[in-house]
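Quick heads-up: it's one chain on its own, the form predicted alone, in structure tokens.
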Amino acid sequence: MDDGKIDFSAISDEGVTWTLLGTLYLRAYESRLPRPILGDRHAAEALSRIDYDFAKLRRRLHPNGNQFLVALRAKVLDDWCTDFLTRTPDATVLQLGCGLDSRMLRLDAEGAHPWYDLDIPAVIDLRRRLYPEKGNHQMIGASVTDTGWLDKVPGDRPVLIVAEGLFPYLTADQMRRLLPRLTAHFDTGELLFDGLAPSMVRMGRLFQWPVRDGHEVERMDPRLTLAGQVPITDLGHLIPVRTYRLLYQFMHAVPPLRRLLVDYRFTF
């Protein structure tokens, strides 16, 4: 691992930098709680090696509360990943738009599974300095909407495809093209991702694709079958801070608020 501080000036896109560091910062912040939900110590370690004005980031993020949203979203996906990998020990893992997420360290620290992390080249260059490839872990620098990168991933095993914090940034047309490409490349597997309600997409400057219900994704790709959809608020009881625990429980009781952010699980 590189011993020097990592400079993020190589990424000129402010939106990309914000997404990368904002999510990493919130996971690291949550990990320092006495009773964390996700407890991502790898995020805290990575954050300590990055040269950035985190005081400015903190003022913009208001982490007292937002960290629970990020932790709960990842917790649901991690639990589904663990379930699939336990049942399917010969699986390949493909993580789309991986950013600076440490899921491979949380779930497969020794690199036992063929595991492919995909993001744009500038992100992968930074990621390699934080999380060197180990065992069967590999990184691919490409846009998820490019046509050629999937040829680098063997399709001869069951696959676990994870896309956390990615699909809302794509358009509906991009999703209609991407989903059939993914499912056609592998014989069988699962697809896990988080989706935003239309009201959330309208509020976010960078968001483009809303999910009203998981069944509409089935219509985009008939190979996909909805196997689970969990509102983030469903895990509100895990929040260790009473004020936010009550807030999430209130949101869960109101259907429009419950559907704002949902994790989805599909089989194919």
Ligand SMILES: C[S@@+](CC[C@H](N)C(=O)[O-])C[C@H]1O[C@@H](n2cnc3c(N)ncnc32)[C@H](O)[C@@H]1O
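For every residue, the number given is its place in the sequence shown, counted from 1. A quick note: this is a predicted structure, and the numbers were derived from the prediction, not measured.
Here the subject shifts to the form predicted together with this ligand, a form of this protein not shown in this document.
Asker: Do G97 and this ligand share at least one heavy atom pair within 4.5 Å in the predicted complex?
Answerer: Within the cut-off, so yes.
Asker: If we define contact as a non-hydrogen atom of the residue within 4.5 angstroms of the partner, is G195 a contact of this ligand in the predicted complex?
Answerer: Looking in the predicted complex, residue contacts with this ligand do not include G195, since no heavy atom lies within 4.5 Å.
Asker: Contact with this ligand in the predicted complex for E190, defined as at least one heavy atom pair within 4.5 Å: yes or no?
Answerer: So E190 does not count as contacting this ligand.
Asker: So, A142 and this ligand: in the predicted complex, are they within 4.5 Å at any heavy atom pair?
Answerer: Because a heavy atom of A142 falls inside 4.5 Å of this ligand in the predicted complex, the answer is yes.
Asker: Which one of these stretches, 161-169, 128-136, 80-88, 182-190, sits within 4.5 Å of this ligand in the predicted complex when only heavy atoms are counted?
Answerer: Looking at the other structure, the answer is 161-169.
Asker: Could you work out which of L118, L72, L150, M104 is the residue within 4.5 angstroms of this ligand in the predicted complex, going by heavy atoms?
Answerer: After the contact test, the surviving option is L118.
Asker: Verify the flagged residues Q229, R259 and V262 against this ligand in the predicted complex: is each one within 4.5 Å by a non-hydrogen atom?
Answerer: Not a single residue of the candidate spot has a heavy atom within 4.5 Å of this ligand in the predicted complex.
Asker: Taking this ligand as it sits in the predicted complex, which residues of 23-40 have a non-hydrogen atom within 4.5 Å of it? Please list them.
Answerer: The stretch 23-40, when checked against this ligand in the predicted complex, contributes T23, R27 at the 4.5 Å heavy-atom cut-off.
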